[in-house]
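Only one chain is shown below, in structure tokens, and it's the form predicted on its own.
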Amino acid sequence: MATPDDSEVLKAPYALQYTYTRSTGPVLGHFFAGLMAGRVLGARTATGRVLVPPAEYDPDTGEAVEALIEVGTAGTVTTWTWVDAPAESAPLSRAFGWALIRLDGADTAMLHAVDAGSPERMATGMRVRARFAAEPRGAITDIVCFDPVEAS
């Protein structure tokens, strides 16, 4: 079968665009407003579990969450990995750890960056504290990263 030459092929420019803005809704809207104020909010489910980041519905039952409550800005690393060469889009421009962090008062862990300096300073079970942005914008990036808390 013969293939068409360029003069026979129809062409049209195409730009992939998302021309809408997603609203955060009532739960994430309050979560982001809390981050702007240097606070972290979690969602309490009917069974008493606290989800951070909050969800509108309990992932176990599908029921709406009961309330938003403040949790701590410090927590415990539950698992982690080290990034030697961060991508341009990474939260930090130097080597850092990605970690699941269970904040004090939460029953679930959230993923965020830990500025530990080296993989030798990272450990499961280590304590970390949120470092908030100097100029918050109402986004998860209002937590710049987490810093290790030195044992006293």
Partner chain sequence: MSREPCAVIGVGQTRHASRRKDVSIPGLVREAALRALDDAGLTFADIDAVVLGKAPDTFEGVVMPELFLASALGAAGKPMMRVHTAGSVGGSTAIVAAHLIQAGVHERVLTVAFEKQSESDAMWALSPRIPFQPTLVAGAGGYFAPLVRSYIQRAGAPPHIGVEVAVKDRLHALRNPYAHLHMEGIDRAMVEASPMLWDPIRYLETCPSSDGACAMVLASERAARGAARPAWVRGTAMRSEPTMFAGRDAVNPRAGQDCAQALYREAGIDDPRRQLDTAEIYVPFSWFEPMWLENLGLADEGQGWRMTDEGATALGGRFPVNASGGVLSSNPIGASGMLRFAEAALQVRGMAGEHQVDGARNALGHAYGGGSQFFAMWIVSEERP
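Residue numbers count along the first chain shown, from 1. Since this is a predicted model, take the numbers as computed values, not measurements. The term rigid core refers to the most C-alpha atoms you can superpose between the two forms while keeping them within 1.5 Å.
There is also a form predicted in complex with its partner chain; it is not shown, and the following applies to it.
Contact annotation: Trp98 falls outside 4.5 Å of its partner chain in the model of the complex, judged by heavy atom distances. Shown alone here, Tyr57 lies within 4.5 Å of its partner chain in the model of the complex, counting heavy atoms only. In the model of the complex, its partner chain sits within 4.5 Å of a heavy atom belonging to Ser23.
At a distance threshold of 4.5 angstroms between non-hydrogen atoms, Ala64 is in contact with its partner chain in the model of the complex. Of the candidate stretches 116-124, 23-31, 66-74, 44-52, only 23-31 contains residues with a heavy atom within 4.5 Å of its partner chain in the model of the complex. Ala15 is among the residues whose C-alpha shifts by 2 Å or more between the shown form and the other one once the rigid core is aligned.
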